[in-house]
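Only one chain is included here, represented as structure tokens and corresponding to the form predicted alone.
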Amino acid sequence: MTAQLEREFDVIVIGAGAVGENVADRVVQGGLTAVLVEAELVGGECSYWACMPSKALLRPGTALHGAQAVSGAAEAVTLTLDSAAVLKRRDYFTSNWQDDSQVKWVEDTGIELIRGHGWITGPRKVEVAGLDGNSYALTARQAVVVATGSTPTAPPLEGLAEVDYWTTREATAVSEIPDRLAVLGGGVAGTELAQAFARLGASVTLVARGALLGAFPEEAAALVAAGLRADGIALKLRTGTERVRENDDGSLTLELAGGGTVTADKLLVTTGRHPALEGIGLERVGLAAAEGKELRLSTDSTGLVLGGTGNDADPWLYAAGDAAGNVMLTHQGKYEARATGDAIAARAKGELSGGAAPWSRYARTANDHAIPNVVFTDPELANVGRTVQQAERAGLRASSVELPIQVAGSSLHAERYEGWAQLVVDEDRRVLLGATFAGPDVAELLHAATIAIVGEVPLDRLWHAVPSYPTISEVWLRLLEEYGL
């Protein structure tokens, strides 16, 4: 028998992924009560269908290739991966799609969990259709936080709606490796998964309307493209796709613009994501999309949603992570969550009114200056901060210095090591604005660049940060020398 249960908390968080968990954790640390509302697995997309399983699929191939690139180790390893063992390792990192450990963490942290579909019914009001058959009418004394993540964006491709295709969810949860895989999209997800499946034995073709990893410097993306081709991946770049059709044997054929086709057993579509805001009742508090458009939220630096019934006079509605639509990266979403949770707790105590000061614990200032991003292909691609073009658009006088990664550490790391590095410099303040590294295992160089940018370390002081020898980090010295120090 269905019951209508009324509950009251300081903070209601819709969505119990990594972002929602972090918001709830911070408000509880701040002395407030919190409830997480989640219809799927606690831990969200990253834990079960994105970051963790995709990297678990990628890492064995990178480790094997790394060994094959070092004489002495190369003779001791096999030439191919054990795909069954890789999938078993992936299952371990997804906890076999069971969220018991995450639920225990929620309970141990003092956060309440309601499993069900939640939607906003008015200011500080949320209704939940519980998976237990009950209905919950929730009231937030302080805040409601939207942390519902994002969902794949399907391209307007003729025939796509009529065929069975993969998104990243199906690809990362796969139980068998297809003989032939077509990947539509040349962004981070498509590039990573194309290489993962190629190294697991699939024949892979990647089709992209634009360049491969077009948001990154061409020199860096070119190294990744070479790595994909070395794994046998066919790259069809700057190539449109006109339609997709299913064949009599169950395979799928992509018909390409200008002629040509690609036939595969499975099709993976990775053409972007958008905030998952449908069906959560935002229109009931005055937030609705324009006709023919998807709803996008605007937030201040604390995550407070701009607009919404009563939100300007008495703040109550926040958004964080992919749902906020600013930066769709798990680590950046968790950063936003920490700032938002702290801001909510501070406002509840009267310690924060109005906006938050830049670089304070309540502000998401790094979103504007220092977003780190890693593409976990082999070779890796890692960048943080602004490009020269972005800096110039912001009115800054910027320059760049770049060179191949050719230091003692890289030559020891692997035979025929190929890498590339770039620094973007604010010429007026003589501080770093951005950095990009491409090459095997360069992700570990990135946090030093992030610290330098966030800390606005003057180049003259950065010169005294001596890299250990012989490591790949010696490229920092070479870049500064190239700049003129």
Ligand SMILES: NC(=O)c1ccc[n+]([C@@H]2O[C@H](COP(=O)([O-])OP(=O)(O)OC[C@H]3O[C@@H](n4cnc5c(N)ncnc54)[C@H](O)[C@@H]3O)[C@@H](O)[C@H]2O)c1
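Numbers follow the displayed sequence, beginning with 1. What you are looking at is a predicted structure, and each value in this text was computed from that prediction instead of being measured.
Beyond what is shown, the protein has a form predicted in complex with the ligand; the following relates to that form.
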| query | finding |
| --- | --- |
| Complete contact of Lys55, Arg209 and Val374 with the ligand in the predicted complex (any heavy atom, 4.5 Å) | yes |
| Distance check, Arg347 to the ligand in the predicted complex, heavy atom within 4.5 Å | no |
| Interface membership of Arg180, the ligand in the predicted complex, 4.5 Å heavy atom rule | no |
| Exercise: Val188 in contact with the ligand in the predicted complex, heavy atom 4.5 Å | yes |
| Distance check, Arg273 to the ligand in the predicted complex, heavy atom within 4.5 Å | yes |
| Sole residue of Leu329, Ala398, Leu160, Val86 within 4.5 Å of the ligand in the predicted complex, by heavy atom | Leu329 |
| In the predicted complex, the residue from Pro156, Gly354, Gly292, Gly259 that sits within 4.5 Å of the ligand by heavy atoms | Pro156 |
| Contact segment among 196-204, 400-408, 96-104, 374-382, judged by heavy atoms lying within 4.5 Å of the ligand in the predicted complex | 374-382 |
